[in-house]
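The form predicted on its own is given below as one chain in structure tokens.
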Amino acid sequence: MSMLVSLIAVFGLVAVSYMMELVGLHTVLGIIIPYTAVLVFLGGFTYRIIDWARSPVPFKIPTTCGQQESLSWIKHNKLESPSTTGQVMARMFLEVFFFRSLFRNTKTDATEGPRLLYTSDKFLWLGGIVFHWTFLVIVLRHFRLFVEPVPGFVHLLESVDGFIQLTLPTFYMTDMVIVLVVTYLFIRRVVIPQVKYISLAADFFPLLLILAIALTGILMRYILKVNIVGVKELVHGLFALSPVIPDNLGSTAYIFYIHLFLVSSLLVYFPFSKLMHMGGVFMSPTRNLPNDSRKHRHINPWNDPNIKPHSYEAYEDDFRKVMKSVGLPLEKDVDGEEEGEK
């Protein structure tokens, strides 16, 4: 059901943008909606980051799977249990760019016995890292539409990405790879029962939306072939805050407007979805805190100085009679109270 709802939602976005193009709402599709989407994205992204930054962290809760720094004769695992800011940054770098924790991911299968069998699940890690790196390369390649002259790193990416000269215009490997890897991630959620059981519309929708963006981009570049000069004129005008709707996009301009509308939809959806893990990973106390509780006492900066600590001894003094009546163990017993109870 979640998959069907997501599929209908994506088709609905395509249908709405196509109908708006048919009735000539080019200014809305090409100027108003993209600007609105960028403002919502920046505002929502900033709000979520500030909200996370203001959240209290009462305890040191870094996720570790290695030996903490303690005694000199015990080997300290600096990446798995970082104790300094530099070590935390090194672990964050490997996590953000190489998905180090996902690389260690395992899957569980029930075998005869019954017995649980834990095995490695490197395909999920491979699919995740290929998707994110491919998506990044495609986004960076699109910088040729935003600025003039085209930055040198864009030319470098295009030469590496399009070294296989199969078509005219140049065929980019990332165009094919992102379709394949998103399809794999989608099929994985449908085929594997355990993953399908926990998958919601919030899991299917971004996959289908990104797949629709990739397919419309491929159609626009290789098959329907929208006039790239007109596309750059519109996008460059948006980026330079001097928007203009060109009249030389050609007869297949509808596919460009569908593509642009889907990208705008992704920008609007991004800050309020699970995709915000892009910024959230840097704000997670399980990742950005050093595991140095043996060297430094962590004091919650949000503690109210007017609230006095309530020790267990004081707690037991308050509730000793009730605790004794129900048979709970007591650290100390008062003779007077004991005699009174008798």
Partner chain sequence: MVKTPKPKELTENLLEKPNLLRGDQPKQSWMETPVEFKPGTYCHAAKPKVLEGLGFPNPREWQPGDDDWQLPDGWEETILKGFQERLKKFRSFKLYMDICVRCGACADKCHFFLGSGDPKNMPVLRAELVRSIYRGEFKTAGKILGSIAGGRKMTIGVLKEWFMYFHQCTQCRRCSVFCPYGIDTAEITMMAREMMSLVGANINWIMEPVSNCNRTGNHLGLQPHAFVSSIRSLCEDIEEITGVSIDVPFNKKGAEILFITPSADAFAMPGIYTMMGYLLLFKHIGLDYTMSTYASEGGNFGSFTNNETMKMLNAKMYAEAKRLGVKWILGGECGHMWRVVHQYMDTMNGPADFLELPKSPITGTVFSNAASTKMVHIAEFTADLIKHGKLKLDPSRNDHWHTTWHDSCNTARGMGLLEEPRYVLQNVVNKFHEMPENTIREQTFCCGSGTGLNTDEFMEVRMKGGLPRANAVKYVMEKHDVNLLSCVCAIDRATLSSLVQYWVPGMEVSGLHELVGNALVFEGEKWPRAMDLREDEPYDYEEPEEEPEAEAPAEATEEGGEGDV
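Every value quoted in this text rests on a predicted model; they were computed, and no experiment measured them. Positions refer to the first chain, counted from 1. Only the largest set of C-alpha atoms that superpose within 1.5 Å between the two forms is called the rigid core.
In what follows, reference is made to the form predicted together with its partner chain, a form of this protein that is not presented.
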Selected contact from Lys232, Lys78, Arg188, Arg141, since only one has a non-hydrogen atom within 4.5 angstroms of its partner chain in the model of the complex: Arg188
In the model of the complex, the residue from Ile198, Leu156, Ile223, Ala240 that sits within 4.5 Å of its partner chain by heavy atoms: Ile198
Exercise: Gln194 in contact with its partner chain in the model of the complex, heavy atom 4.5 Å: yes
4.5 Å heavy atom contact, Val16 and its partner chain in the model of the complex: no
Touches its partner chain in the model of the complex: Pro62 (any heavy atom, 4.5 Å): yes
Touches its partner chain in the model of the complex: Phe319 (any heavy atom, 4.5 Å): yes
In the model of the complex, segment of 258-266, 214-222, 69-77, 156-164 with a heavy atom within 4.5 Å of its partner chain: 69-77
Stretch 289-328 - residues with a heavy atom within 4.5 Å of its partner chain in the model of the complex: Asn291, Ser293, Arg294, Lys295, His296, Arg297, His298, Ile299, Asn300, Trp302, Asn303, Asp304, Pro305, Ile307, Lys308, Pro309, His310, Ser311, Tyr312, Tyr315, Asp318, Phe319, Val322, Met323, Ser325, Val326, Leu328
Tyr197: Cα shift of 2 Å or greater between the shown form and the other one (core-aligned): no
Core-superposed comparison between the shown form and the other one, Ile74 Cα displacement 2 Å or beyond: yes
Val14 C-alpha shift between the shown form and the other one of 2 Å or more, rigid core reference: no
